[in-house]
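Before any questions on how it binds or moves, here is one chain, the form predicted alone, in structure tokens.
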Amino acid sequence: MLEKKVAIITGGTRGIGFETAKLFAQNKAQVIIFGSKEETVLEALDKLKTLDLQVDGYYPNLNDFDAIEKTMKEIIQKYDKIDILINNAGISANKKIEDTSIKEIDQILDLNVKALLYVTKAVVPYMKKQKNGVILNTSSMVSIYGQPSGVGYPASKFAVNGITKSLARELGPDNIRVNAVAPGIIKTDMVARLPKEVIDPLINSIPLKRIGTPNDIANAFLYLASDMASYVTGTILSVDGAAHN
């Protein structure tokens, strides 16, 4: 579905990002993952290599625009184009506001909002020159319904939705589509470690009676990145088993 496409995935070393990198590579895209550290990127690339998937990787500081721009230039020199960008890197929060430090507020907004804007800003000129591109953002079900604590996380994801809808309108005339996927409760490492007495009520609250998998989200990204979604832009696609109801 993505033959000859060049796709960058931030936060691509584990969880949803890693699963998406794997699925995109299986669909013949040239995938480039971004991670926070050299060792995590190399570890992810080794795992993908054991599956016979040749993926590339970089680890620029996503809060350093000059470093991102330099990396994008290297990617263009190597691959000639950037067709797809997935802004997936992010951190969550669950503390009550009075227990949240200023540093923690800055960290979540720096990675979940500012870094997303920096990476997008660095990629857009190349996509405009090509007269095509797809930008996909990882949002969350809490971007629609909020959450009872950890307000910085829904704040950042409400921002992601606003960025997605606004850039879809701004970049549409350049044939650049912009969408987001809003995952529900997904079986990541963190969720997998929760005890049965915590997991069972969560499952019971979901109409589909199961927790989502990273692959569920990767499939949504694959659809939105492909030509099957050529008339879909400005959409926040909920993939949550109707958990919000």
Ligand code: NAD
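Sequential numbering from 1, following the sequence displayed. Since the structure is predicted, the reported quantities are computational estimates derived from the model, not experimental observations.
Just so it is clear, the following notes concern the form predicted in complex with nicotinamide-adenine-dinucleotide, a form of the same protein that is not shown.
Of L111, A159, I75, L167, the one that lies within 4.5 Å of nicotinamide-adenine-dinucleotide in the predicted complex (heavy atoms): Flagged contact: L111.
Partner-facing stretch of 195 to 203, 29 to 37, 48 to 56, 172 to 180, counted where any non-hydrogen atom is within 4.5 angstroms of nicotinamide-adenine-dinucleotide in the predicted complex: Of the options given, it is 29 to 37.
nicotinamide-adenine-dinucleotide contact in the predicted complex: R14, any heavy atom under 4.5 Å: Although nicotinamide-adenine-dinucleotide is absent here, R14 would touch it in the predicted complex, with heavy atoms inside 4.5 Å.
Heavy atom of Y153 within 4.5 Å of nicotinamide-adenine-dinucleotide in the predicted complex: Heavy-atom contact with nicotinamide-adenine-dinucleotide at 4.5 Å: present for Y153.
Contact flag, I97 vs nicotinamide-adenine-dinucleotide in the predicted complex, heavy atom cut 4.5 Å: No, I97 stays farther than 4.5 Å from nicotinamide-adenine-dinucleotide in the predicted complex.
4.5 angstroms heavy atom contact with nicotinamide-adenine-dinucleotide in the predicted complex for V124: Output for V124 is no: heavy atoms all beyond 4.5 Å of nicotinamide-adenine-dinucleotide.
Within 4.5 Å of nicotinamide-adenine-dinucleotide in the predicted complex: residues from 67 to 106 (heavy atom criterion): N88, A89, G90, I91 sit within 4.5 Å of the partner.
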